[in-house]
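So this first bit is one chain, no partners, the form predicted alone, shown in structure tokens.
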Amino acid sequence: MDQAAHPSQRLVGCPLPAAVEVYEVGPRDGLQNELRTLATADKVRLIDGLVDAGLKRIEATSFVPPKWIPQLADAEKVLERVKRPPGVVFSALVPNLKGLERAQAAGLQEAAVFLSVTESHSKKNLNKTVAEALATVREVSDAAVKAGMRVRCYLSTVWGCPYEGAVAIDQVVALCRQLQGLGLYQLSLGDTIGVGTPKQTEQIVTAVAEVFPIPMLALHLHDTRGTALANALVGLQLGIATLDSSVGGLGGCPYAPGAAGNLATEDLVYLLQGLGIATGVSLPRLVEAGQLAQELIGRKLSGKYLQAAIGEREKAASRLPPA
């Protein structure tokens, strides 16, 4: 992706990327944190709506055992039915070699692996030590690369851990060094519990960039404390050109009941468009997908742009003369 910024695309003297890839995680990271399990047909409707909105990178599901995440037990069925137009890349979370086999059989060309920085989160989330999780990531990555698949890695609890609190940047960098040489095309840094601040984000990205160059980095930000967009802006100023988000802010934060979870895709796209950064995404169509997600989930979603747009549409509709 072209990292050069047009002279007008500057903020406080900092050049910004000319274009940003919005990596949509709602169908996977969003739905797996929801209490309601959607029917396969509804998941397909939602993903197709995201494709129609112009999103080109979508994490559609997860190939973890259904007993772990029953909300995504129909991974194969979903991928059989979704639209697959040219230029749209679907991926899925892959926990082990069995999951990789399922992903390959489903025709995916990209797999996502994952591990945590902290031991406590790794034990709770994966029932593995960090070293054991790293060995699994290495095994899956090697097999995926040999099969001609691209591999993306999620690194969780980079900004903070729900069990251990603050996480030292040196600890993050040390783990990143162990991820070198695995054939990853991208490393997504996760603020799993949404505790990050802009200064902290600058320090983390700058430190990790000594191991993985900026073009290989993405940010996966949660909005639990309302700082996700601020942290995204810092990432943009540092040259980050891939940002993860979830339609409507779909998905809660499992470690902070009632709190907002993922950064809402509509909020992110609105920010990017306001900065003159190309995304290829249609905000009106994205709002339609967000409304659909809200209807399917059966609760008001946290995305601020989505709620504002819904309110404006309802206000406009109330002014129409009766039929």
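Residue positions are given as counts along the sequence shown, with the first one as 1. Every value quoted in this text rests on a predicted model; they were computed, and no experiment measured them.
The same protein also has a form predicted in complex with a small molecule, omitted here; what follows describes it.
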| query | finding |
| --- | --- |
| Residue 156, heavy atom within 4.5 angstroms of the small molecule in the predicted complex | yes |
| Contact label in the predicted complex: residue 267 to the small molecule, heavy atom within 4.5 Å | no |
| Proximity of residue 203 to the small molecule in the predicted complex, heavy atoms at 4.5 Å | no |
| Exercise: residue 125 in contact with the small molecule in the predicted complex, heavy atom 4.5 Å | yes |
| Answer option from 283, 292, 69, 275, heavy atom within 4.5 Å of the small molecule in the predicted complex | 69 |
| Whether 21, 50 and 90 all lie within 4.5 angstroms of the small molecule in the predicted complex by heavy atom | no |
| Segment that reaches the small molecule in the predicted complex - one of 230 to 238, 173 to 181, 81 to 89, 215 to 223, heavy atoms within 4.5 Å | 215 to 223 |
